[in-house]
Each structure stands twice: as C-alpha cells, then as structure tokens.
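Before any questions on binding or motion, here is one chain by itself as structure tokens, the form predicted alone.
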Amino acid sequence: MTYEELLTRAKKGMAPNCRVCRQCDGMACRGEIPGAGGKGTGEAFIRNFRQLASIKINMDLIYEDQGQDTSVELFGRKFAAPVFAAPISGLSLNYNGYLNERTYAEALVPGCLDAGCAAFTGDGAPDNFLTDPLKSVKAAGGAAVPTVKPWDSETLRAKMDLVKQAGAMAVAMDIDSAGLPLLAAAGKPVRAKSVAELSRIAAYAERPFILKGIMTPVGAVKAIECGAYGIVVSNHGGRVIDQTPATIEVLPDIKSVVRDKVKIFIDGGFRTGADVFKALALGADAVLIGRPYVVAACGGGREGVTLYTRKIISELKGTMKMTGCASLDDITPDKVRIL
C-alpha cells in the first residue's frame, strides 16, 4: 500500500463528514461539528496549520554526518521517534462511522507500536468510548496513553480504575474537553478542575499523569504544581473555543517557564515530519497528531497507521539530515526561523 492509495480509500469511506483534503488545514470543514472542523469560524484550527507553515527551516549541510537518531525516552520506555497519535473519539459522530471506537483502536494502537511509537486513546459520553480502546491498550501490554475527560469525582475515579486495570503506561486528562459542545449536549458533568483536585487525581493515577489543554505559561505552572508528568500544549484542534492562538505560537513562552520541570507535548495542525522538527526546535519533547491518524486508519487499518507513522519518522530524519542534526538534542531554536 502507498500513501496515495491510503488517501484514496479513506476519501471513499469518510465522506461526507471528512473530505480527506490534500491539505488538511480546516478550511473546507470550518465550523462543522459534528464533523472534523473547528468550532465557530474554524479559525483556531486554521491558525494552528498556518502558523506552523509560517515557520521555516534553516539548512546546514557542512558537518560530519553521523546519521540521524530520532529515538526518545518517555514514560520509562524508548520510542522510535517523539511522535504519538492524539486521542480522538466520537468516530460515528464526527467521521461518518466508517470506523467505530473499537475498530479504530484496533488499528491505531498496534499500528503505532509496529512503527515504534504509541497512541493516546480517547473517552467520551458513552462509556464504550473509553472501554473499547482500553481493550486494545491492554492487548498491547499497556503501551498506550488513555485520555479521560474531566468528569465528576465519582465517575472519574471509576474510569481511572479501568485505566489501571488495562495496565496503561500513563494516563492523560484533556481538561480542555470541558468546553466540548457535544459533551455539553449530552448533559455529561465535565468541568474545570482546581490545582487541588488535579493533585489528587495525579496521585490516584499511580502512573505518569499528563494534562492536555495547556495554552498559557500560567496554566503550565499550575500543571507543575499539581504534580503532572507532562503537559500537552493544545487547543483541542480548535474544537472547544474559537479564536485561540495557534499552539506553536504559545509554545516558546510556555517552554521558557516550564524549562525541564515537565515533559512538553504539543498538538494542533501537525501533518509532517518537518512540522515535528519545528515543534522540537521550539521546546517540545514530543508531538501528538490527530486527524491524519483517523485518515490513516480509515484508509489502511493497522497497516495504514504504521505506514503514516513511518512516513512522519522518515520526514523527521530527512529534515534532521538537511539541518546538521544527529540527535533530537541537536534540534535547537536556531534551526528554525519564525517569519
């Protein structure tokens, strides 16, 4: 299977909710929720993509070539590259139901592992949005990161227990999902959390705890205070609030405050290995990619997920080669230019 064949198959299966655009920039689907678009004007989704594209890469081919090592250690494990699938749920609502929560996870989790990387899995109003992916997490020996919503205390504790039973290597909470319109419409009790509440949740997790939805240095400091292992700089793909900055725009300021106190993940508009390179140069430890993984799974199942992940890793290596970087530590701010 080639990547072009994957896209052709996905386009047939995902219509009409996702058009599998040649350039997944949020323009064609702006405001489409349910669907793959961004909320309101769709500007937050679109800005994520455009601001990434505005960052340029500085070439340097005068160096002693030692090859390119993209490997990274996170959660006490070694991965082929700092690339993870972002948590996505609501396949039937947002992606035409070509795959459901179970079949998506069955392609996503092992497909990422086949390429030496890993996936974050999702959660949602129906209980199976969490439990179906957890079956794949358990089958993979826990080599994935389930992501739970900011539920009420009783519901959250019960869901965290399920995550523990699956043996997950880490657990995340997408606190930004408190603004998801579909959860609000379902009448589910999701809400913002205080530092004290998050501290208790982090302790109860008994494994690395990641907070997704951090968009300011102040938010990053609060995450550190609650004992988080890492944060995800994320505006939820532009799906929870309109008119936010792009995630790549706020990354440098967050890095300057966080330094090395927590691991920094980032999502929002990432499509290529060159995009991953840009995020690493500006302070991220790893990148999460969302919508393209749904396309990969719909177009090629487990094989498609592996193919797409290897494509990203190959592009990252190619960018490192053209910039004189032998390892991820060499990807520093001077390797990029912000226009």
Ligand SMILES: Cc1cc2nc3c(=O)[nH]c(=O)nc-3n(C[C@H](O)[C@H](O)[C@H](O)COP(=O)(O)O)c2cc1C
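Counting begins at 1, following the sequence as shown. As the structure is a prediction and not an experimental result, all values here were calculated from the model.
Same protein, other form: the form predicted in complex with the ligand, not shown, and the subject of what follows.
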Considering V171, I231, I88, V83, which brings a non-hydrogen atom within 4.5 Å of the ligand in the model of the complex?
I88
Option touching the ligand, based on a heavy atom within 4.5 Å in the model of the complex, out of G301, G290, G42, G273
G290
Although the ligand is absent from this view, report whether S136 comes within 4.5 Å of it in the model of the complex, heavy atoms only.
no
Contact of F265 with the ligand in the model of the complex (heavy atom, 4.5 Å)
no
Might G31 be said to contact the ligand in the model of the complex, defining contact as any heavy atom within 4.5 Å?
no
Partner proximity in the model of the complex: G142 to the ligand, non-hydrogen atom cutoff 4.5 Å
no
Check for me: heavy atom within 4.5 Å of the ligand in the model of the complex, for each of F209, G227 and D285, yes or no.
no
Select, from the options 32-40, 53-61, 310-318, 273-281, the stretch whose residues sit within 4.5 angstroms of the ligand in the model of the complex by heavy atom distance.
32-40
Residues in 229-253 that come within 4.5 Å of the ligand in the model of the complex by at least one heavy atom, in order, are S234, H236, G237, R239
